[in-house]
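Heads up, the chain below is alone and in the form predicted on its own; it's given as structure tokens.
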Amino acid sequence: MMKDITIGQYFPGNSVIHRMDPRMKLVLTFLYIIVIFVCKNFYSLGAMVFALVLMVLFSQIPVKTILKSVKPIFIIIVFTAILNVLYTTNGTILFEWKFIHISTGGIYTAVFMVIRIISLVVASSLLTYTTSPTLITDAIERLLSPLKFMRNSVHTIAMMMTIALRFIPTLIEEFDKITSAQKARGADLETGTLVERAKALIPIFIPLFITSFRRAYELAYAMECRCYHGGEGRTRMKQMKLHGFDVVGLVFMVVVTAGVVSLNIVFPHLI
């Protein structure tokens, strides 16, 4: 069900990860995404997975919720794995039939890519799970503040990014409601050819787009009525400050990065 998708949701808590400075969480998340693409073997990838498991444990987010973040890209993961199995012919050939060649290298590459994609999604979701949209907006604005010298409206950019992220769960919920309403009216969304099923989605996407534009207008009108304006002169209820665990998290990530680079040098091959 679409309502099980948890992308963009925030789960209040008092864990160590929740209390970290949002700027540091953004930096560590981007650093994690960069480093995981540097991994060249299962040893370095294992180090990144170990670091991610520690972050999940410290966040106190239920494992079931973490696994739900992978659900929207399940088809992409399976498709990527199949492509790597079929088109990578390194190593020993295990099965061969016409144009299909399955080798140990293809299996290793497929597993490697699947673990990498899942780790990326979980790490990104962990940021939104433990950080409220308001704090993410403030953190993005602070980190992009050097762009102000280029006469860019940093606050507007940060606000647009956060609102888009915030409304993902709302749109998913609205999609589920419209789908249920269309099914109650006799719409058949699960049978027929691919083209027929695509056409059956038109009565869902049209009201979804209309509802989205209406929500956007209502949000803009509400912000205008409350005399909202960003940028200069805007105060914040919560002031962001770096604490001891923020420094510990940064040092830990630097150590993991150094370990990944070292493992890549010692074990230069994937298999």
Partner chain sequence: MAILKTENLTYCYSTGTPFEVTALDNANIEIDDGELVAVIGHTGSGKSTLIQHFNGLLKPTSGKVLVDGKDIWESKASLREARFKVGLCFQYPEYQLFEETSYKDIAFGPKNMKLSEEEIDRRVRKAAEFVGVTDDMLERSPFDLSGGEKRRVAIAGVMAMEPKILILDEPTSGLDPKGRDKILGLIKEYRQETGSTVMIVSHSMEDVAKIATKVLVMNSSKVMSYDTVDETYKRADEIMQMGLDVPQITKIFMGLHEKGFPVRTNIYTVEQGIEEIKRIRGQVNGL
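Positions refer to the first chain, counted from 1. Only a predicted model underlies this, so the values are computations on that prediction, with no experimental measurement involved. Rigid core (definition): largest C-alpha set, two forms, superposition within 1.5 Å.
Although it is not shown, the form predicted in complex with its partner chain is what the next lines describe.
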By the heavy atom within 4.5 Å rule, which residue out of Leu67, Leu57, Ile206, Val38 makes contact with its partner chain in the predicted complex? Ile206
Would you mind picking the one in Asn90, Ser180, Ser145, Ser124 that has a heavy atom within 4.5 Å of its partner chain in the predicted complex? Ser180
Here the chain appears without its partner; judged in the predicted complex, the stretch of 94-102, 187-195, 74-82, 108-116 with heavy atoms within 4.5 Å of its partner chain is 187-195
In the predicted complex, is there a heavy atom of its partner chain that lies within 4.5 Å of any heavy atom of Ile210, even though the partner is absent here? yes
Although the partner isn't part of this model, could you tell me whether Phe11 comes within 4.5 Å of its partner chain in the predicted complex, counting any heavy atom of the residue? yes
What residues in 75-91 sit within 4.5 Å of its partner chain in the predicted complex, counting heavy atoms only? none
Please state whether Thr65 has a C-alpha shift of 2 Å or more between the shown form and the other one, with the rigid core used for the fit. no
CA of Ile34, rigid core aligned, shift of 2 Å or more between the shown form and the other one: no
Checking Arg142 here: with the core superposed, does its CA move 2 Å or more between the shown form and the other one? no
